[in-house]
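Below sits a lone chain in structure tokens, taken as the form predicted alone.
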């Protein structure tokens, strides 16, 4: 292990952009399919691994939704979540705020309670056993209707005490944030924090809509905001956190190669950028691997990494005393290494 890799592993950090269904490893997909007696078009784990090769967002989403079909029982959701939490704790995460897509499951007859109870059980056990705090964000699928999102919000009402916020994901182009303005307003009235994917494949106008119409508290991705200098100035001024996903961007050809990634430029512009894994089972890297890959590609230094780690807590929805404690821990770690 190189000195920089060791530094990254030990650096206290949070992950703010990770889809639990996107942590479904090929071996898990195969095992869950067998125990639930679900037919999948793969005969071996290697066949599943081969299917995880794709070059654009829609091809990824196709296999992502196909993989989700094997998630049936509370045990499935618990096991998938627990495996991710164990892995991210090993990567030096102290806090996570993770996404899940209830519509992917309820639309095929899985009870909302089955999904959320399994996930929340794993989050509670991780806090007890790993010291890893966590929050859960329910995402609306943007290729579905706003009416369907309202139905999902209603199903979530008994779980407002365990849900941190709502988000917006899935196919971005052709599904602008404005499509969900009313349901986000309703979610805000219920006390949820608001996040949304914007500016990954969609234009800077989608980021404007997410800010002005959805009134988000945090921006997921946001790469293409850099095409609009006035928007960049606004994001800096408002201290809007961007949850950036380097290996995801490379895998989905948002950037041609990691050396072209805008992360270092984001930091130089004063944007509150963070590093996250997005869908790590599909994109070839969990949290520390994203840190390491982009550090090498962009020649990031320890000061950059410290800033990114601090940004991850500053951009979290933790209370201020908890944030301050984590920032102090980062300073102590940096001083000792």
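Residue numbers count along the first chain shown, from 1. Note that this is a predicted model, so its numbers are computed, not measured.
If you look for the form predicted in complex with a small molecule, you will not find it shown, but the lines that follow are about it.
Enquirer: At 4.5 Å between heavy atoms, is residue 64 in contact with the small molecule in the predicted complex?
Expert: Answer yes; at least one heavy atom of residue 64 falls within 4.5 Å of the small molecule in the predicted complex.
Enquirer: Might residue 52 be said to contact the small molecule in the predicted complex, defining contact as any heavy atom within 4.5 Å?
Expert: It does not: once the small molecule is placed as it appears in the predicted complex, residue 52 has no heavy atom within 4.5 Å of it.
Enquirer: When the contact criterion is heavy atoms within 4.5 Å, does residue 169 count as touching the small molecule in the predicted complex?
Expert: Although the small molecule is absent here, residue 169 would touch it in the predicted complex, with heavy atoms inside 4.5 Å.
Enquirer: If you check in the predicted complex, is residue 60 within 4.5 Å of the small molecule, heavy atoms only?
Expert: Yes, contact at 4.5 Å.
Enquirer: Pick from 95, 221, 105, 251: which has a non-hydrogen atom within 4.5 Å of the small molecule in the predicted complex?
Expert: Among 95, 221, 105, 251, a heavy atom within 4.5 Å of the small molecule in the predicted complex occurs only for 221.
Enquirer: So in the predicted complex, are 19, 200 and 278 all sitting within 4.5 Å of the small molecule, heavy atoms only?
Expert: Spot residues vs the small molecule: full contact, yes.
Enquirer: Of these, 36-44, 278-286, 306-314, 264-272, which stretch puts a heavy atom within 4.5 angstroms of the small molecule in the predicted complex?
Expert: One stretch meets the cut-off, namely 278-286.
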